[in-house]
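So this one's two forms of a single chain, laid out as structure tokens and tagged structure 1 and structure 2.
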Structure 1
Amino acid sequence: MEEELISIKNSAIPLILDAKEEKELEELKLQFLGRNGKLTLALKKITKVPPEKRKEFGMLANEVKEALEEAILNQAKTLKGSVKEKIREKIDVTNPGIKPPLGHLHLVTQAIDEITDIFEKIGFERVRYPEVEWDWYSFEALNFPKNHPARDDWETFFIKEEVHPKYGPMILTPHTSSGQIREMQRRKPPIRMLNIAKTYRRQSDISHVPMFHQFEGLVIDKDIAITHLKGTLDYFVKSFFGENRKSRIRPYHFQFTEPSFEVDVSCGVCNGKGCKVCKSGWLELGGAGMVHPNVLKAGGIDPQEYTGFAFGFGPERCMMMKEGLELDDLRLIYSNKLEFLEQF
């Protein structure tokens, strides 16, 4: 029996030392030390050893097992060292490193940055005013009557705060137009303001979200006319959508402008000829108009001396029209679905 143990040791050690790969070493470990390995099967024969020789047999068996385990461990260290050395030899430190994956700005943020850059080139100053606003700035000073539907709690988010004796209840601003009054209070004409901010309305469905963005343009100076408004709109449309696109204005009604207009952009698919996308050749963009005299008065500006125009659009809508997106659900823009966001 002792001869069998010594034979197992003598045959295993050379094989272990000659192993070239970790996989080969693992197979040798199973061959000799596994559940059905040669040494394991030999140890099971201890019951056949005479009682007086079992102690001597057990000591020899442990020595053989320890020798094999130590040889396997040492060879494993040698193989790992050899692999590391090969890796070092293959590395060329002059090669450029692997760049980690990088994210990008949200598609709405990209649109806002582009819009800002366009208007800054013609002298508009980017400003930012409170998202938590007083009723007076959002409605009263903008010529909204007391019973206007927009001032209802079905349309506007009201804040649980004590009503101000002058400015009324506190609300989440429903439009960036409140910035017009604050800008007029901040400085005297000439004014060229671009206010881009989050706005809030109690609407949530496939075409509305309770929080969205608006950008508000305001120009006030002497002798400002509708022609200045139309020229500014044309400049923005061609800069943002492309040189072949056109803008038009249609009579409409807004409380804080007179006259008021809806602004349309020629369809980028049919170039204004009419197609399945636009029907008439035009796509609605937003609202605009000449600043109402009552709004100028609320901002502390004499309407007999100064005139101005204002416009308000949604960056989300502008972005969707430019990209040609036809979303079944607008809320997808503000979701965390990477398969959608990574496209931009």
Structure 2
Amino acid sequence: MEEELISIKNSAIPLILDAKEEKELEELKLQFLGRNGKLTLALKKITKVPPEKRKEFGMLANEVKEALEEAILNQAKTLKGSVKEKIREKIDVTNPGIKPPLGHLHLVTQAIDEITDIFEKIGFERVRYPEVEWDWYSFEALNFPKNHPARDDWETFFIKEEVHPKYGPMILTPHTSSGQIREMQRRKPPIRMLNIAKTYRRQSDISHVPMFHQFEGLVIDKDIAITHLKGTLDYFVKSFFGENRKSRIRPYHFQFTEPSFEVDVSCGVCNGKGCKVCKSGWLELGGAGMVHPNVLKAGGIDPQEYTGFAFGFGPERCMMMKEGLELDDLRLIYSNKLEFLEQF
């Protein structure tokens, strides 16, 4: 029986040293040391060895087992080394490496950064308020009575949550105007707020995305008038779109501003004369107006003492107008298509 152990050792070692691949080595390991391997089966025969010889048999068995394991380990190291050597032979280490491709900021992030810089220069402070908001901040405090039909224009996503006795249902902010009230609650005038945030509406078509951004400006101080609003809009339009561009305000209706306006920027192609791109000479930017006295009251500010203006635009649309982009589908902006994104 001892001879059997020695013969296993003598046959296994040359095979191990001859193995050319790791797989072959694995197979040899199984063949000799596996559960039904030759050595394992031979060891089981220890019960047949006379008791006085068992110790000696055991020692020899261990010796053979260790020898095989060590040979396998060494051969594995040798094989790894030779693989590395082969790779080294193929690679010319003096060649310059391949640079991993570098990404860049998304075009909407670029627009947001630029807009922030423009407004910070004239003292606006960028703030952020919750994306998941109470109905009260988005509607009621903004002078929309409960069940007012104008609420339908902000096609709102509702969160399945308990309705708050004062603040009503929980929603995803459909516009950044909710930040007006939060800002008034946070500090006393003078206020110059720039609230840029994600906004959500149940809209998805070629000119609407369900998640977009808005930037909301709010200025509250003593004697703030429409001229301040118009001056701010002109400053923004010239800084963002170019020195030769103009802004225009048209009468409109929002619940939370009085008077309210729609804001346009003169077309960059025809400079306000009217062309194929714009038709009227103007492109629509967003909404604006003088803060409604009821909104000031809801924010804890005395409308007898203070007045203010607000505006809310979409950076996605601003970016498209600036770049002169005529996207067939606005949803492309958030499609993660590299061919599109790499252009900006």
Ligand code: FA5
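For numbering, take structure 1's sequence and count from 1. All figures in this text were calculated on a predicted structure; none of them were measured in a lab. Superpose the two forms; the largest set of C-alphas matching within 1.5 Å is the rigid core.
Visitor: Name the structure that matches the description of the form predicted alone.
Guide: That would be structure 1.
Visitor: So the motion between the two structures is one rigid part turning against the other, right? Then which of I98, P51, K276, N147 is at the hinge?
Guide: At the hinge: I98.
Visitor: Which angle, in degrees, describes the smaller rigid part turning against the larger between the two structures?
Guide: Rigid-body rotation of the smaller part between the two structures: 54 degrees.
Visitor: After superposing on the rigid core, how many Å does the CA of D152 move between the two structures?
Guide: A shift of 5.3 Å.
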